[in-house]
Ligand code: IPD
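In the block that follows, a single chain appears as structure tokens, in the form predicted alone.
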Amino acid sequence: MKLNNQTFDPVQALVAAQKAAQAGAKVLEQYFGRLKQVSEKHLAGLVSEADLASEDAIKGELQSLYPAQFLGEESSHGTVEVWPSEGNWWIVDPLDGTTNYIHRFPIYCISIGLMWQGELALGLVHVPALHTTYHATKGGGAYRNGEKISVSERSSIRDSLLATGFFRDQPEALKEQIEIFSKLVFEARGIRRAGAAAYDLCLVAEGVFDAFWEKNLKPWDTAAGTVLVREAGGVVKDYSGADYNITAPCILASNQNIYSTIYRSISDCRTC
């Protein structure tokens, strides 16, 4: 499917993403605390009827308001077998933090990214329980509820608050992650595990977290957050030190000052 517009329109695309996120949030609020169907996807975590209904609502709005090809976590069944190198794609996680949501821990979000002709052009993350929306467009800066944000300026790891995530269903990756955690927890001021990677990236973008790292995320987990961190003045790389591509198996996002220190700690333990 081709976009009707030949050139990217950040205003129209952002309006579409905002309306889509609100439609998804309405669904999530209706299901919160009232779930009846929860199942487990192979190597992809939990899924509920809320995830599915939220994705349907988001997709409907996006395809109506700013049509592009669509990659959603639920409709793709949690896997990306073929990833296009060009074209226009909405990349959506309709409920990032499903485990939190199922257990009524109110840190969960909707993540909507737009890839335009092979480059990330827009990211929007909506956190319903906190009434907070983050958005960024390429070259346009990053914002939280309409106020411009930027990454932190901390340069000492001793003064830094870091974030990460764990996934128990892949034992080897979990062992590596624990090794990195065990190293950094003695060096940093603290490490947090909120349970929603898209939200973690938002907190890097607004300078709450100084760095975030994780392994085995998917494009819908990181597309929107990557735009936000970069537009907020941060660095987003993979564990090899290359610029992060949303198909990469590992991500490290941080401010400019702390990046080299965190990278060295991770590179001592990494396997990807």
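Keep in mind that what you see is a predicted model, and the values were worked out from it rather than measured. Note that residue numbering begins at 1 and tracks the sequence as displayed.
Heads up, the form predicted in complex with the named molecule isn't pictured, but that's what we're talking about next.
Screening 115-123, 92-100, 145-153, 128-136 for residues having heavy atoms within 4.5 Å of the named molecule in the predicted complex returns a single hit, 92-100. Taking non-hydrogen atoms only, Leu217 approaches the named molecule to within 4.5 angstroms in the predicted complex.
Though the partner is left out of this view, Asp221 does reach within 4.5 Å of the named molecule in the predicted complex, counting heavy atoms only. In the predicted complex, the named molecule sits beyond 4.5 Å of every heavy atom of Ala163.
The closest heavy atom approach of Gly195 to the named molecule in the predicted complex falls within 4.5 Å.
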